[in-house]
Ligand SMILES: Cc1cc2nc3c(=O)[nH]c(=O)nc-3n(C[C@H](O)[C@H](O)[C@H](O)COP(=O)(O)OP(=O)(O)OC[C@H]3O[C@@H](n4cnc5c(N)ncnc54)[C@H](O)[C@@H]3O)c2cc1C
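In structure tokens, one chain follows: the form predicted on its own.
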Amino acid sequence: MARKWQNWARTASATPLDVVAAVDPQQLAAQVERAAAAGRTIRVIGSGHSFTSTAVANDIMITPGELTRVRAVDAEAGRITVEAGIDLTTLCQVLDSHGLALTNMGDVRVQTLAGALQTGTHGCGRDTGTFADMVVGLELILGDGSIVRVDANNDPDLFNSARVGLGAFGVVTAITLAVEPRFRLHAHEFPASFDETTASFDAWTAAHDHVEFYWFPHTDKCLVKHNDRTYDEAQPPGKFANWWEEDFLSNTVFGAMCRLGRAAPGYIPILNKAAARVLSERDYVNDSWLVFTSPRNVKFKEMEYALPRSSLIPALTRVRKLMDDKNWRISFPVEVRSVPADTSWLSPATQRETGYLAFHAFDRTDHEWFVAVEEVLREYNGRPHWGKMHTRSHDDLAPAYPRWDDAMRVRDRVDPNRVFANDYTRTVLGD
């Protein structure tokens, strides 16, 4: 019996004809072989945290099922091999138990590892890049049902295509990551003016391991976050302080303010100014994965663009003026981050130092303003995050990626019959 699937943000849904829970690679390989012979298509879902329809499967949907095992941990070599459906929280807990940690993370840890990887999850960092840069090996099922293992030396073209592959180069069944000894982060969070923040961002980024900030539209205020590596003893926020900041203010109160803004948009600038006034300074030390990530209980829609690093602040300044000129009412802060260049051919950060601008709209409110912002970001040679909302298609995406044609030739080789296609891949990668 068909069942309805919906992503976390309620921006994409599917009614698959068949739903198959993964057991092991051999079972999935047989499933792919049967689907190819019958002219059917397969898509794999993770936690549903993409905002686009990248995971939509209206034919055969594969769920993580039992494909969540830890296959090998080599602490001395700094390597872990895990199956694709493991979620990031579990992965971090396993690493921690072996005295290890991920080099970098995004700010959400409910995703599956494969889902985060395939859509280009990135985090921020002066010297540490995206998830794709941590991957040293992949196990994949190709369009004919064969199981292959690839890395920088064994079929490097497929390795470079499939690390951020949108699920279009095969079913990822296992991932080998380069990891490092467990470390902590000294977190310093503080409010600052927009002008101070944008003027200081380059200097802060050079001086600290991880820097990001949130600008509150309709205000001159930002919340800045500096995270620096340390091996000092953990000094986490107290239980009450953590509840107050992460749960009550960032989720309960913020959610209530967003709901009020949805009912009465004219109040949004006042609400944002009120939110900016209660920003406070915090200093604490905690395990890296607990500092990198934050709970996200307020539902939203998101568009994020990767820009040349030198264009990050000029583009943000342009967008700020556009918001004022258009008199939009935007309740969510704009998130600003940067990472080094990476080498995965379809990564939005491929072959250039990259800055990211992320824009959010509260659940079930108008997000049409994303399109006008996107027009500005395209002027700066922006590339959309694959898992977040955008309007781009393959014809205008291809020129933005230096190795696009090489990646498409790999796709033709490993999935000539498009067993792994859906409407989203057809739109962004072509038929």
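Here the structure is a predicted model, which means the values were calculated and not measured. The numbering used is simple: start at 1 and walk along the sequence shown.
Note that the form predicted together with this ligand isn't included here; everything after this is about it.
Just one listed stretch, out of 402 to 410, 30 to 38, 385 to 393, 372 to 380, contacts this ligand in the predicted complex at the 4.5 Å heavy atom level, and that stretch is 385 to 393. Between this ligand and the residues S331, S161, T354, T112, the one pair within 4.5 Å by heavy atoms in the predicted complex involves T112.
Proximity to this ligand in the predicted complex, defined as a heavy atom within 4.5 Å, holds among T365, T68, S47, N58 only for S47.
Contact annotation for H210: none of its heavy atoms lies within 4.5 Å of this ligand in the predicted complex. Mapping the unseen interface onto this chain, K221 falls outside it, with no heavy atom inside 4.5 Å of this ligand in the predicted complex. Residue contact check for E304: one or more of its heavy atoms lie within 4.5 Å of this ligand in the predicted complex. The closest non-hydrogen atom of S347 lies beyond 4.5 Å of this ligand in the predicted complex.
Taking the partner from elsewhere, no residue among G129, F216 and P314 has a non-hydrogen atom within 4.5 angstroms of this ligand in the predicted complex.
Of the residues in 333 to 369, only R337 comes within 4.5 Å of this ligand in the predicted complex through at least one heavy atom.
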